[in-house]
Every structure is written in C-alpha cells, then in structure tokens.
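There is one chain below, alone, in structure tokens, taken in the form predicted on its own.
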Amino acid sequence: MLKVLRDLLRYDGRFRLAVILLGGVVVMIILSYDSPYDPGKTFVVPWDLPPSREHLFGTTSRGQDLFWWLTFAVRNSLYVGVVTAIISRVISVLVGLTAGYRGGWLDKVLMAISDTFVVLPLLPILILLSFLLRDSMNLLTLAIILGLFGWSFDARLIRSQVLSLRERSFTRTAVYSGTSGFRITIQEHLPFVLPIVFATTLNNILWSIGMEVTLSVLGLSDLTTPTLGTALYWANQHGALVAGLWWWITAPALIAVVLFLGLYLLFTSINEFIDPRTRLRLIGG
C-alpha cells in the first residue's frame, strides 16, 4: 500500500494535486473540533461583515462566522458521503460477488433488481422520500437512503470482474479441491475486486455529496445541521446575492469545488493506476 502511494506521488501530478486539495479539507475538518463558536447558535458575531483577518470568510446575516461554520459543514457533508459509500459498497460487493460466482437464476434475479435501480428516476424519488421523512430526516437517515440507491452500477462492475475470475484455473482448482463457494468468493475473488471497490468508493462519495447539496438547496434535508448544501440554502433564503453578500455564496461554493475536484482527481488517478498498462506508462516501463 505504501509503495502504491509512493509511486502515485512520484509519477502522477493529479494525485499530488488531489492530496493538496483534500489536505486543505482535512485541515478544516480538524479545526472544527476546536471551533470557538457553536454552529447551532446565531447572532454570536456582528452580521454581514465581508472577509477580514478577524473573520476569514466574513459573517452571515444570521450572525455566524462563515469560516468556522463551514468547518462543520464540510465535515458533515463528508460524513454523508462516507456513510453512503460504506452502505452502498457492502450491497454492491455482496450482489456483485454472489451474482458473478453463482450465476444461473440467482444471477438473473439479482441483475434484474440491479437494473431496476439503474433505471429508477432517482431525484424525484429522493424528493418524495425527503417530504415523507421530513420530520425525522437527519444526516444518518439521508446517508442510509442514498446508500440504498447508490449500489447498482458498481454491483454490475464487480459482477463482470467475477465472471472473468470464475473461468480462471485457480478457481477451478479450488472447486475441484472441495473448497466451498463462500471461501472461494471471499478468499480468491474478493482481493481482485477490492481495487475496483476502492476506486468506485470515491466516485460514490462524490455522487452522494452532490445529492445532499441538491436536496439541501431545495430545503428537503435537515436545515439545522451545517452542510455545504444548507450553507447555500440559508444564503439563498436571506437573499445574499441581492444584498451584496457575495462571500456567503462564494465560500461554500469554493469549498465544494475544492472537495469535488480533489475527490475527482483522486478517483481518476487511482482508477487509471489500477490498469497495468497505464501504470507502466506512468513509471516509464
């Protein structure tokens, strides 16, 4: 693992840039644990102040220091992304490994379910669920809902990899030696699909944060909890652009761009590194 990270840092500029961008995000998350302000309280600082040395990102019309509020926001948004990715990875790995190795009617049933999730109009369904669960909606509930809808593409990807592994000689040898299907799947096939799982995890985090921002801007999430989406929601509710409070819109948008760009570069860098031909080209082999 350390050798892989060292090779990526040495040969891939995208990976280095991703580390720098995400490093800034991690610093903000760490700072949130030492914040001088409670994110749930309002009118604790003078309102509508532009960025300055005292208030790095300015203050809002709700009397909150925007920099310190956004340290909580980026932490919560990333929390949604990570929990969503964990839930959807577990489902996609179980479905992909089972369908690919077992085949037959079980494969057809699982892929039919997967295809159903692929073609579902996700945004209208999420909006409907957000309306129905509005009183009990919090970050964990939102992450669970997104996780239950975000596994289908990756399950198909894992299944296709396992279909190839199933025809390899080491799988046949394991079958002929009496190894159970469960052990073959876990011990022989799972290590081969883990790089795919890791690469798609980053993509899934990107997707879930984007969905959280969309639902929050529409006012369909827990608006009392700081996230990148609720930052934009409150800025819009207070007419930040009309009132000339450009920093209230710019700061969360800028942090969202840094987070998205960092995760995207990390995803593309690792995704290409998984391909042996690309890896040889990068290191000049």
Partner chain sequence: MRNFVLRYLIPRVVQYLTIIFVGITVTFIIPRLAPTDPVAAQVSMMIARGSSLDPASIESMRAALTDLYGLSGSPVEQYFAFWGRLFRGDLGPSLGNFPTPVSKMIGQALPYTLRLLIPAVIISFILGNFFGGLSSYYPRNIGLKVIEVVGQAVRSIPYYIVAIVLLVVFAYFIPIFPFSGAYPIGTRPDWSSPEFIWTYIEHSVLPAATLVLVGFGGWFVGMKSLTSNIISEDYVVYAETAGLKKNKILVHYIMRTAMLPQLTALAMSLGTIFSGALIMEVVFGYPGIGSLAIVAVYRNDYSMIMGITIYSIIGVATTVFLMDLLYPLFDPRVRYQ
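This structure is a prediction, so every number in the text was calculated from the model and none was measured. Positions refer to the first chain, counted from 1.
Beyond what is shown, the protein has a form predicted together with its partner chain; the following relates to that form.
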| query | finding |
| --- | --- |
| Whether 129, 256 and 260 all lie within 4.5 angstroms of its partner chain in the predicted complex by heavy atom | yes |
| Partner contact for residue 32 in the predicted complex: its partner chain, 4.5 angstroms, heavy atom | no |
| Residue 47 within 4.5 Å of its partner chain in the predicted complex, heavy atoms | no |
| Exercise: residue 43 in contact with its partner chain in the predicted complex, heavy atom 4.5 Å | no |
| Its partner chain contact in the predicted complex: residue 123, any heavy atom under 4.5 Å | yes |
| Listed range touching its partner chain, judged in the predicted complex by heavy atoms within 4.5 Å, from 193-201, 208-216, 178-186, 70-78 | 208-216 |
| 116, 141, 173, 164 - the one with a heavy atom within 4.5 Å of its partner chain in the predicted complex | 116 |
| Residues from 231-265 in contact with its partner chain (non-hydrogen atom within 4.5 Å) in the predicted complex | 232, 233, 236, 237, 241, 244, 246, 249, 250, 253, 256, 257, 260, 261, 264 |
